[in-house]
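One chain follows as C-alpha coordinates, the form predicted alone.
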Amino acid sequence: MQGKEPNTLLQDFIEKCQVHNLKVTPQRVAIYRELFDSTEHPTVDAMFQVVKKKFPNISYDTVSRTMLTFAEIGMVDLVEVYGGAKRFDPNVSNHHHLHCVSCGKIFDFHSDHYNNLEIPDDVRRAFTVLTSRVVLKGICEKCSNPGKISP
(Lines give C-alpha, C1' and ligand atoms only; values in the text may rest on other atoms or scores of the structure.)
Protein backbone atom coordinates (compact mmCIF):
# COMPACT_ATOMS: atom_id res chain seq x y z
CA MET A 1 0.00 0.00 0.00
CA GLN A 2 2.41 2.64 -1.20
CA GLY A 3 4.53 2.54 1.95
CA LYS A 4 1.74 3.76 4.25
CA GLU A 5 -0.11 1.88 6.95
CA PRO A 6 -3.59 0.70 5.88
CA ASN A 7 -5.29 2.83 8.58
CA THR A 8 -3.39 5.94 7.46
CA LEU A 9 -4.36 5.31 3.83
CA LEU A 10 -7.98 4.81 4.81
CA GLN A 11 -7.95 8.03 6.84
CA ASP A 12 -6.37 9.87 3.87
CA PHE A 13 -9.11 8.43 1.64
CA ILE A 14 -11.89 9.52 4.01
CA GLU A 15 -10.47 13.03 4.27
CA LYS A 16 -10.09 13.35 0.49
CA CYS A 17 -13.70 12.19 0.03
CA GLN A 18 -14.93 14.73 2.57
CA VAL A 19 -13.02 17.56 0.86
CA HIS A 20 -14.63 16.63 -2.48
CA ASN A 21 -18.11 15.90 -1.06
CA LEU A 22 -17.97 12.20 -1.96
CA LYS A 23 -19.81 9.67 0.15
CA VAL A 24 -17.56 7.03 1.70
CA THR A 25 -19.28 3.87 0.49
CA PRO A 26 -18.11 0.29 1.01
CA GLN A 27 -17.70 -0.03 -2.78
CA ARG A 28 -15.49 3.07 -3.01
CA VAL A 29 -13.41 1.87 -0.08
CA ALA A 30 -12.97 -1.53 -1.73
CA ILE A 31 -11.93 0.01 -5.05
CA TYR A 32 -9.53 2.36 -3.28
CA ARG A 33 -7.96 -0.46 -1.24
CA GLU A 34 -7.55 -2.70 -4.28
CA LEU A 35 -5.95 0.14 -6.24
CA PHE A 36 -3.44 0.81 -3.49
CA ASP A 37 -2.75 -2.89 -2.96
CA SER A 38 -1.99 -3.30 -6.65
CA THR A 39 1.61 -3.52 -7.81
CA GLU A 40 0.39 -3.01 -11.37
CA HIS A 41 -1.12 -0.06 -13.15
CA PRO A 42 -4.58 -1.61 -13.40
CA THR A 43 -7.28 -1.05 -15.98
CA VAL A 44 -10.93 -0.59 -15.03
CA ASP A 45 -11.57 -4.15 -16.21
CA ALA A 46 -8.84 -5.58 -13.97
CA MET A 47 -10.22 -3.67 -10.97
CA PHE A 48 -13.77 -4.76 -11.79
CA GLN A 49 -12.72 -8.42 -11.84
CA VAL A 50 -11.12 -8.09 -8.38
CA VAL A 51 -13.79 -5.93 -6.71
CA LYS A 52 -16.75 -7.98 -7.97
CA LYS A 53 -15.46 -10.93 -5.92
CA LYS A 54 -16.24 -8.92 -2.77
CA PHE A 55 -19.24 -7.06 -4.21
CA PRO A 56 -20.90 -9.41 -6.74
CA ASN A 57 -23.62 -6.86 -7.55
CA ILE A 58 -21.22 -4.00 -8.35
CA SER A 59 -21.45 -2.80 -11.93
CA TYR A 60 -18.61 -2.21 -14.34
CA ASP A 61 -19.87 1.35 -14.74
CA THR A 62 -19.60 1.97 -10.98
CA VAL A 63 -15.99 0.83 -10.95
CA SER A 64 -15.21 2.88 -14.05
CA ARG A 65 -16.85 6.07 -12.77
CA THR A 66 -15.23 5.65 -9.35
CA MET A 67 -11.74 5.24 -10.79
CA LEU A 68 -12.22 8.23 -13.09
CA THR A 69 -13.46 10.28 -10.13
CA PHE A 70 -10.40 9.25 -8.13
CA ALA A 71 -8.24 10.47 -11.03
CA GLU A 72 -10.15 13.77 -11.31
CA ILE A 73 -9.59 14.60 -7.64
CA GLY A 74 -5.93 13.52 -7.63
CA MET A 75 -6.15 10.28 -5.66
CA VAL A 76 -4.66 8.38 -8.60
CA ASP A 77 -3.09 9.30 -11.91
CA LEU A 78 -4.12 8.22 -15.36
CA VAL A 79 -1.17 6.54 -17.03
CA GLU A 80 -0.10 7.51 -20.50
CA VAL A 81 -1.13 4.54 -22.66
CA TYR A 82 -1.60 5.17 -26.33
CA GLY A 83 -4.30 3.16 -28.05
CA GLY A 84 -4.99 0.83 -25.12
CA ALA A 85 -7.32 0.76 -22.15
CA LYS A 86 -6.89 3.51 -19.57
CA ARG A 87 -4.51 2.49 -16.81
CA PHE A 88 -4.46 3.97 -13.32
CA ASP A 89 -1.48 4.65 -11.08
CA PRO A 90 -2.04 4.88 -7.32
CA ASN A 91 1.47 6.27 -6.92
CA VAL A 92 0.94 10.02 -7.34
CA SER A 93 4.46 10.90 -6.19
CA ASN A 94 6.96 12.20 -8.75
CA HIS A 95 8.17 9.19 -10.74
CA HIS A 96 8.56 7.94 -14.30
CA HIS A 97 7.55 4.86 -16.27
CA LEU A 98 9.15 2.07 -18.24
CA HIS A 99 6.55 0.62 -20.63
CA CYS A 100 7.19 -2.83 -22.09
CA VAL A 101 5.85 -2.88 -25.65
CA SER A 102 5.86 -6.68 -25.62
CA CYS A 103 3.82 -7.60 -22.52
CA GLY A 104 2.29 -4.17 -21.82
CA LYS A 105 3.47 -3.95 -18.22
CA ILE A 106 4.36 -0.57 -16.81
CA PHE A 107 7.14 -0.24 -14.27
CA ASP A 108 7.81 2.75 -12.02
CA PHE A 109 11.27 4.24 -11.67
CA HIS A 110 12.72 7.30 -10.00
CA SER A 111 15.32 9.65 -11.43
CA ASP A 112 16.46 12.99 -10.04
CA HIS A 113 17.83 13.78 -13.50
CA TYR A 114 14.43 13.32 -15.16
CA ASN A 115 12.70 15.12 -12.27
CA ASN A 116 14.76 18.21 -13.09
CA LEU A 117 14.38 18.32 -16.88
CA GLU A 118 14.29 21.90 -18.07
CA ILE A 119 11.12 22.88 -19.89
CA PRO A 120 12.02 24.77 -23.12
CA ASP A 121 11.07 28.46 -23.12
CA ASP A 122 8.81 28.13 -26.18
CA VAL A 123 6.87 25.38 -24.42
CA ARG A 124 6.55 27.47 -21.24
CA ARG A 125 5.21 30.41 -23.28
CA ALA A 126 2.67 28.29 -25.16
CA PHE A 127 1.65 25.90 -22.40
CA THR A 128 1.27 25.88 -18.63
CA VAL A 129 3.09 22.73 -17.54
CA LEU A 130 1.54 21.26 -14.40
CA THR A 131 3.52 18.03 -14.17
CA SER A 132 6.01 16.11 -16.23
CA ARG A 133 6.74 12.43 -16.49
CA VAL A 134 9.21 10.59 -18.67
CA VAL A 135 7.99 7.40 -20.34
CA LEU A 136 10.59 5.03 -21.71
CA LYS A 137 9.34 2.32 -24.06
CA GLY A 138 11.20 -0.89 -24.59
CA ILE A 139 11.21 -4.58 -23.78
CA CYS A 140 11.37 -5.74 -20.16
CA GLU A 141 13.83 -8.33 -18.92
CA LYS A 142 11.19 -11.07 -18.73
CA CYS A 143 10.18 -10.53 -22.38
CA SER A 144 13.83 -10.21 -23.49
CA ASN A 145 14.74 -13.53 -21.85
CA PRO A 146 11.57 -15.67 -21.99
CA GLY A 147 13.43 -18.82 -20.97
CA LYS A 148 15.03 -17.25 -17.93
CA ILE A 149 13.64 -18.51 -14.64
CA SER A 150 12.97 -15.76 -12.12
CA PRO A 151 14.05 -16.28 -8.49
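Quick caveat, the model's predicted, so the values are computed rather than measured. In case it trips you up, residue 1 is the first one in the sequence shown, and so on.
The following text describes the form predicted together with the DNA, which does not appear among the structures shown.
Asker: In the predicted complex, which of the stretches 122 to 130, 93 to 101, 57 to 65, 108 to 116 has residues with heavy atoms within 4.5 Å of the DNA?
Answerer: Comparing against the DNA in the predicted complex, the contact stretch is 57 to 65.
Asker: Using heavy atoms and a 4.5 Å limit, would one call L9 a contact residue for the DNA in the predicted complex?
Answerer: Output for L9 is no: heavy atoms all beyond 4.5 Å of the DNA.
Asker: With a 4.5 Å heavy atom cut-off, would you call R33 a contact of the DNA in the predicted complex?
Answerer: Flag for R33 set to no.
Asker: Is it the case that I139, even though its partner is missing from this view, gets within 4.5 Å of the DNA in the predicted complex, heavy atoms only?
Answerer: Taking the distances in the predicted complex, the answer for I139 is no, it never comes within 4.5 Å of the DNA.
Asker: Given that the DNA is not shown alongside this chain, does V134 nevertheless sit within 4.5 Å of it in the predicted complex, heavy atom to heavy atom?
Answerer: It does not: once the DNA is placed as it appears in the predicted complex, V134 has no heavy atom within 4.5 Å of it.
Asker: Taking the DNA as it sits in the predicted complex, which residues of 10 to 36 have a non-hydrogen atom within 4.5 Å of it? Please list them.
Answerer: Read in sequence order, the residues that approach the DNA (within 4.5 Å, in the predicted complex) are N21, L22, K23, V24, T25, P26, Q27, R28.
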